[in-house]
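Form predicted alone, single chain, as structure tokens, below.
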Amino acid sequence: MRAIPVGDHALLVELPDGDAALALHAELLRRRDAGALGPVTDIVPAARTVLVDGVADPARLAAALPTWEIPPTAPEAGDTVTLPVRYTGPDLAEVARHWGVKPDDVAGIHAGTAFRVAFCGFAPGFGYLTGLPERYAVPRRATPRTRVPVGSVALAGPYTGVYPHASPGGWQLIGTTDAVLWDPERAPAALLTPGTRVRFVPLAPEAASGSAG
């Protein structure tokens, strides 16, 4: 663990891997909710870092972090969001080829995986979901698409993501969902937030719905 000062009131904490970043993020949230972090405003996880902003005394927090006992994130911790998906994406056959399976098998493998939101980025409401075994990592497309439809369920490297808006993108598209990933009128606006567990449920091509529970 390494804590790097960012300005006068923030720290960027570097961790060895994504699991450690997720665990530290959860511990920081617990301590902030308990009033133990003072005026901290934002705690933002990334792939292997956590940014802590609004720290009254960054040097003191940096010295204390290595002494903390940080429990690993429990598999059952966090809310669960269920995303019904039509596994009819244009890159389904390409993903199946990388996985060494038939295209019809992709939905079962993907939906049979327990996912968790590791961090958010790229666009408001876009969560980077971990859970797929390393052998199912796939490369990004050699040529990104100029427009990926909203609700597209996609893979890149070790991550799964769902596009909250139509946008350019180079991930491999395996399906679509009608769930609303980003709604400014909702609190929180993002359906997928760091630490949330996610279940994908295969639907028939003509079916459509989205829920959280």
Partner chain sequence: MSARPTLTVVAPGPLTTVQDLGRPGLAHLGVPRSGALDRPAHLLANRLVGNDPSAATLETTLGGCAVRPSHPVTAAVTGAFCAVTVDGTPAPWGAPVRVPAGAVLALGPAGSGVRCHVAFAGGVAVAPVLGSRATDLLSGLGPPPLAEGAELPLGAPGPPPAPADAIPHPAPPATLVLRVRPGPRDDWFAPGALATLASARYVVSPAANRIGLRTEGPPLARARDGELPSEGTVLGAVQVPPDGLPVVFLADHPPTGGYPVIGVVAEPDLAAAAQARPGTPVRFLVRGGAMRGGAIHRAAPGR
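What you are looking at is a predicted structure, and each value in this text was computed from that prediction instead of being measured. Just so we're on the same page, rigid core means the largest C-alpha set that superposes within 1.5 Å between forms. Numbering follows the first chain given and starts at 1.
There is another form of this protein, the form predicted together with the partner chain, and it is not shown here; the text below is about that form.
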ask   = Taking G7, A10 and L51 as a possible spot, do all three reach the partner chain in the predicted complex with a heavy atom inside 4.5 Å?
value = yes
Partner-facing stretch of 99 to 107, 81 to 89, 129 to 137, 116 to 124, counted where any non-hydrogen atom is within 4.5 angstroms of the partner chain in the predicted complex = 116 to 124
query = For T146, is any heavy atom within 4.5 Å of the partner chain in the predicted complex, or not?
reply = no
ask   = Does P184 reach the partner chain in the predicted complex, with heavy atoms at most 4.5 Å apart?
value = yes
query = Taking heavy atoms only, is D42 within 4.5 angstroms of the partner chain in the predicted complex?
reply = yes
request  = May I ask you to check whether A20 falls inside a 4.5 Å heavy atom distance of the partner chain in the predicted complex?
outcome  = no
query = Of these, A62, V180, A46, L37, which has a heavy atom no more than 4.5 Å from the partner chain in the predicted complex?
reply = A46
request  = Please check if R199 moves between the shown form and the other one, taking a CA shift of 2 Å or more relative to the superposed core as movement.
outcome  = no
